[in-house]
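Shown below, as structure tokens, is a lone chain in the form predicted alone; questions about how it binds or moves come after it.
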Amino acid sequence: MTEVTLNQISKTFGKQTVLKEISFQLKPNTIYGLLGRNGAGKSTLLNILTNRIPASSGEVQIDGQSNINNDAALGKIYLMSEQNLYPSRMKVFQIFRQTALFYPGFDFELAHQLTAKFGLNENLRFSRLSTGYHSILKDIIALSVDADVVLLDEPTLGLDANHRELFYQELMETYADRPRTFVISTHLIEEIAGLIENVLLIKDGNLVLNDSTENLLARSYAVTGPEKQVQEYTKGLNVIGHDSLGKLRSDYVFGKLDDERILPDTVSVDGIDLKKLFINLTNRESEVH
């Protein structure tokens, strides 16, 4: 089992600060969702973790060793990203062989099974693949490498609904067969909500949440009813957003409710899903407590 620790990671590009003193540890054999709005710094963080770009300050440790110019440590991690890093004339089966030079435990049998399931011709050159099949190829490699930590940056980019469903299914099967750590960064939150066990939420360059999905949803509520009664009931609570429809209003509350408050008969309290929680937590005016 590989332990990955980020200590006070910050990153600036010129005068722009993208990441601000981010610290967390990836638990072994866990599926994480790395969430954040466009430009939040998710891809930057993953690239720092794998030493593709340097941090401005802070450090990444893999099993207690720095990740900087450390091939032994970096060999325990694999990053699947939106970037196309393969030679355009290289064929799919040649890309598998090249990957195996860096990850000697590459599972060729699984890779061949997955190319058949996804309908990917292993004799095609990389330049002949569509955007969707670029992602499929990179996903197949990510599921077949023998890394203990697999980072997936927008893994379903360009995939249709059937291929996205197949990818999630295969990810869970390989995770069951060989548990390891996955970090999934994606905008399709509703599709991965049932997969991820822990949420890492980045907002304005800060890590504002690092908790289990179960714990987060257990303290996320929609308080719905007539506008006046809802606002009276939620006054003083951590309201992270609201929706209105006519005279009805839903206030979204993150955190503890006041058990001593009397709930009016016209007002209901229900849970909310991870997508709704994410949308409201990443609003500029909302705060995380």
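Keep in mind that what you see is a predicted model, and the values were worked out from it rather than measured. Numbering starts at 1 and follows the sequence shown.
The following text describes the form predicted in complex with another copy of the chain, which does not appear among the structures shown.
For the options His112, His163, Lys91, Arg219, the residue carrying a heavy atom within 4.5 angstroms of another copy of the chain in the model of the complex is His163. Exactly one listed residue, out of Pro104, Gly119, Pro87, Gly194, brings a non-hydrogen atom to within 4.5 Å of another copy of the chain in the model of the complex: Gly119.
Using a 4.5 angstroms limit between non-hydrogen atoms, Lys275 touches another copy of the chain in the model of the complex.
Another copy of the chain in the model of the complex comes within 4.5 Å of no heavy atom belonging to Arg180. For the chain shown alone, Gln16 is a contact residue for another copy of the chain in the model of the complex, at least one non-hydrogen atom being within 4.5 angstroms. By the criterion of a heavy atom within 4.5 Å, Leu209 is excluded from the residues contacting another copy of the chain in the model of the complex.
Heavy atoms within 4.5 Å of another copy of the chain in the model of the complex belong, among the stretches 196-204, 127-135, 68-76, 172-180, to residues of 127-135.
For the three residues Glu82, His187 and Asn283, a heavy atom within 4.5 Å of another copy of the chain turns up in the model of the complex in every case.
Residues Ile136, Glu154, Leu157, Gly158, Leu159, Asp160, Ala161 of 136-161 are found to place at least one heavy atom within 4.5 Å of another copy of the chain in the model of the complex.
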